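Taking the form predicted on its own, here's one chain by itself in structure tokens.
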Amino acid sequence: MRFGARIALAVITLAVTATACGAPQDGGSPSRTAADCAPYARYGEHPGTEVTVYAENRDREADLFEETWADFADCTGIDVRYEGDGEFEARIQLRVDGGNAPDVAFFPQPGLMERFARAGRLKPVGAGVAALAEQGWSADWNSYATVDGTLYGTPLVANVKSFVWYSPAFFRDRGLSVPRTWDELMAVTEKVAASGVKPWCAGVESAEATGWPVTDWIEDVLLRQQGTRVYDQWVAHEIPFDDPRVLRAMDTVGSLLKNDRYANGGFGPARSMASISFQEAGTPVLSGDCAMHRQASFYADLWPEGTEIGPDKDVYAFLLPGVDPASRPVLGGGVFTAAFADRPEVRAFQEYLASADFANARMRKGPYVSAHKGVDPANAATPVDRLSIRLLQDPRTQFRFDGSDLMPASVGAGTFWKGAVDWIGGAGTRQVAGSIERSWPTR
């Protein structure tokens, strides 16, 4: 499940008519001075040009993007026209097939971007963007935008999915420590259960994407138990979906989430999570009816208004531990930018989006996580964003992208999500995994 999948509508276009550096703005906004525009001189001047951008982000997320590149647009003279669409994934293909491709698209799923690259519709990045990509991101991150050795895009947004949200006061009052290993996590789980509180709360309802919180759980545990090599083989279908090692990961998750003694805190029996929305699933942590909720960094935006986040606040988060304290597997997701056109103004805009300047400027405006090596964690808006960035920049981190976003859509966003719901509802591990394996498309 990708970052930014939320409700709402809107087609938002940049209201400012961009002008060349130093020229007055429509609507009376102050003109830029040469000094104001100095940071953007490297991108050149492109007066009278336009770059269209199509993405799923709407409302405040869209506003923050536009506010971030407003100075770039004014100083370069490029009119950046942004369109946010909640049906992006379904409509981008229709637009491209209909001859209405945007200049730049923000792809929430690398697999979708790869499809357009293999069809010859996307433009490989230019030398300038390629150099920025190599400088800014790890090889793992760049690999998700690379098809047959050619780089087609760069990461734009990142998130960390391997977080466990908890109440520091709840832990402190019960003498619990943040677990550093999986065995310690199970010890905390058992101690909380013995006190009469169900340690875990979860919810898998998410409209057409129902099921993804459980698939994230399974991916996270597989990554911890088997490491990156087996995880990569599984995602690429080089081993069967129902490989015994995958079944083991599912059963480990099941020992927590399908166990009425451990779940579903604050809501009822374990099966209740099938009808609980992922947005509300963590709220029992605040009332003490649940001790832990595994969810991504973007869950920071979903706590009730007024909830304070931090090591000594209402809630905070720790990394879902691995088998030993030295291991640092991190499951995450993100958004990638790629272009269907390669005009000079499009390349200039791509280079700006690939820069640390863009990432730092966006982060100063509100919650945002980037895996860019040049991002300063001090600019992060929340403690969890700061923690996420430090994890993503740590060379010891073994990052892997959300597997369901990399698998063929008919599996990753289809039979895997649906199978996860059936499994939580009582279906057997071997039965569900076997069904997903049989659904994998043949070439």
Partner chain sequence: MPFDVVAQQPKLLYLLQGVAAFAAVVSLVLLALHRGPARRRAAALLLLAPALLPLTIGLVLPGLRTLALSFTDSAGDTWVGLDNYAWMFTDPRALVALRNTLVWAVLVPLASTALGLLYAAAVARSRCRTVALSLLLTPMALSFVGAGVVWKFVYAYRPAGAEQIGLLNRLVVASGGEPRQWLVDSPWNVLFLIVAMVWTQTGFAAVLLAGAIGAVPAELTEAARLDGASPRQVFRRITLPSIRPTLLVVLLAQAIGTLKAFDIVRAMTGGQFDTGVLAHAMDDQAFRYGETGRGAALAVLLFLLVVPLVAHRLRTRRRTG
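As the structure is a prediction and not an experimental result, all values here were calculated from the model. Numbering follows the first chain given and starts at 1.
Same protein, other form: the form predicted together with its partner chain, not shown, and the subject of what follows.
Taking non-hydrogen atoms only, W417 approaches its partner chain to within 4.5 angstroms in the predicted bound form. I389 falls outside the set of residues with a heavy atom inside 4.5 Å of its partner chain in the predicted bound form. In the predicted bound form, its partner chain stays beyond 4.5 Å of every heavy atom belonging to T228.
Using a 4.5 angstroms threshold between heavy atoms, P329 stays clear of its partner chain in the predicted bound form.
For the marked spot (A70, V157 and N360), a heavy atom within 4.5 Å of its partner chain in the predicted bound form is absent from each of the three residues. Of the candidate stretches 265-273, 134-142, 305-313, 288-296, only 265-273 has residues whose heavy atoms lie within 4.5 Å of its partner chain in the predicted bound form. The partner is absent here; in the predicted bound form, the one residue of E184, D242, D232, E205 having a heavy atom within 4.5 Å of its partner chain is E205. Of the residues A409, L64, A381, C37, just one reaches its partner chain in the predicted bound form with a heavy atom at 4.5 Å or closer; this is A409.
Taking a 4.5 Å heavy atom cutoff to its partner chain in the predicted bound form, the contacting residues in 84-114 are E87, E89, A90, L94.
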